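Consider the single chain below, provided in structure tokens and representing the form predicted on its own.
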Amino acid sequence: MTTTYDFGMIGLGVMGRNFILNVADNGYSAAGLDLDQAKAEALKAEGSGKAVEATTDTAAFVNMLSRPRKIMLLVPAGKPVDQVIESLLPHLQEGDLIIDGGNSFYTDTDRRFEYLKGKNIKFMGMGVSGGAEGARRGPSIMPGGQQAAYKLIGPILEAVSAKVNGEPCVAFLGRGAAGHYVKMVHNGIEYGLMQLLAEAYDILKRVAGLSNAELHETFKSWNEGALESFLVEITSHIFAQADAEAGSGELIDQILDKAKQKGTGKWTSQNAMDLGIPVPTIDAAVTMRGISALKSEREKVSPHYTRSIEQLPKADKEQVINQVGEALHFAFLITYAQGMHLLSEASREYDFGLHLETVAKIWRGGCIIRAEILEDMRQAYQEQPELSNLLLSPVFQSSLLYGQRAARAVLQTAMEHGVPALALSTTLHYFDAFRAERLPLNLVQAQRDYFGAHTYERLDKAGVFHTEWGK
């Protein structure tokens, strides 16, 4: 029996247990801690025959680990993280490493880093994406903090991460809270992609009249082309899932249309506004989850404004399928571009030192937003390391010019049939605004100066100006 273990995990829910088993499968010994005896016993049972141990005793857990200790936390964000850290401190020694692997807000990570630095304890904020299956078979891992801390844990992380072309989907991303910030933006992009897929489903079902079987086949075929991605793949599977509870039909038709959220999408939108970087597709996705939560209000409003869309002729299936697929590819590209633009600005503002090619590289496998598109993104940043927005890359220009035509056609069809497509619409308008050499915001500047003497600038000469309007 191993008496000292290479790696420690606190929080033995499904994610924590799977991550530990992954560590053990890759040649490292691991110990787990959970105050819930049942969860500790579950790890022992699942880890039978592996170099794995579990306990409910904090002191015993810490003493099981080889020094410098490497302890990862997978507990709910917020106060629970601080509580676990405090419970560990009496048992740790200088140079030990704590890794927060949850979805903590990046400013909390900065605070904890400074706090533990004062106690000579190393700390890392680390994003982990891929869900329970990813944790078991290979997630995408986004660590940040100190390079010295990463060197302690790097070999284990590289062993357990997903691999693409033999390359691990993990890398030291940057200073401070870089890891948790990148994971936050990852989740914001995830919100956007999921909403775009939901709108595509709604249009295909309500406008073109596709059955669940036809939806399954459509998304399956998309996943074999330019839209190849984890989210498109699982969406195709969802439409084929039988409703075991009812005994007939497909499960999708019986799921309540209220989407929950844990806050990372909202955090992305809020921080983007703070930095002045537009991410309207992500904003729209957060808004649509909010509207979905107002189910009772929607049910009261609907009878007063329902339009008899059933009387409109169903659109040609093949034409709509092709247009929606092209529009989705266009919108996916724009959504990634918005998220990466935010990372570019945040890296400068917060001194993270991010390399966007590396971010695209480690997102290619294991994570929820993994997609074929990311290899093209990696190439774009390899060719132009200082690229601030992917719209400026020649790699994507032809795809965007082609896809925007389909997006316009799809939105026109959706509007005629009264089908909401807020994320797709705002994505197209973002593209149109970003490619416009001149926007009508000169009027906004004039208005601000008119009512508040906020001044304006001119096109024909340098300086700041104010006019006594109407006089």
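Keep in mind that this is a model prediction, so the values were computed, not measured. Each residue number is its position in the shown sequence, starting from 1.
Note that the form predicted together with a small molecule isn't included here; everything after this is about it.
*Asks:* Closest heavy atom of Leu204 to the small molecule in the predicted bound form, within 4.5 Å or not?
*Replies:* So Leu204 does not count as contacting the small molecule.
*Asks:* At 4.5 Å between heavy atoms, is Gly174 in contact with the small molecule in the predicted bound form?
*Replies:* Close contact is absent here: in the predicted bound form, Gly174 is far from the small molecule, nothing within 4.5 Å, heavy atoms only.
*Asks:* Tell me, yes or no, whether Lys258 is in contact with the small molecule in the predicted bound form, where a contact means a heavy atom of each within 4.5 Å.
*Replies:* Contact check for Lys258: no, nothing within 4.5 Å of the small molecule in the predicted bound form.
*Asks:* Considering non-hydrogen atoms and a 4.5 Å limit, does the small molecule approach Arg364 in the predicted bound form?
*Replies:* No, Arg364 is distant from the partner.
*Asks:* In the predicted bound form, which of the stretches 350 to 358, 125 to 133, 273 to 281, 154 to 162 has residues with heavy atoms within 4.5 Å of the small molecule?
*Replies:* Of the stretches listed, the one contacting the partner is 125 to 133.
*Asks:* Thinking of Gln323, Phe330 and Gly403 as one candidate spot, does the small molecule come within 4.5 Å of a heavy atom in every one of them in the predicted bound form?
*Replies:* Not a single listed residue reaches the small molecule in the predicted bound form, so no.
*Asks:* Taking the small molecule in the predicted bound form as the reference, which of Ser393, Gln146, Asn103, Ser344 has a non-hydrogen atom within 4.5 Å?
*Replies:* Flagged contact: Asn103.
*Asks:* Under a 4.5 angstroms heavy atom criterion, identify the one residue in Thr264, Asn223, Thr109, Thr235 near the small molecule in the predicted bound form.
*Replies:* Here the answer is residue option Thr264.
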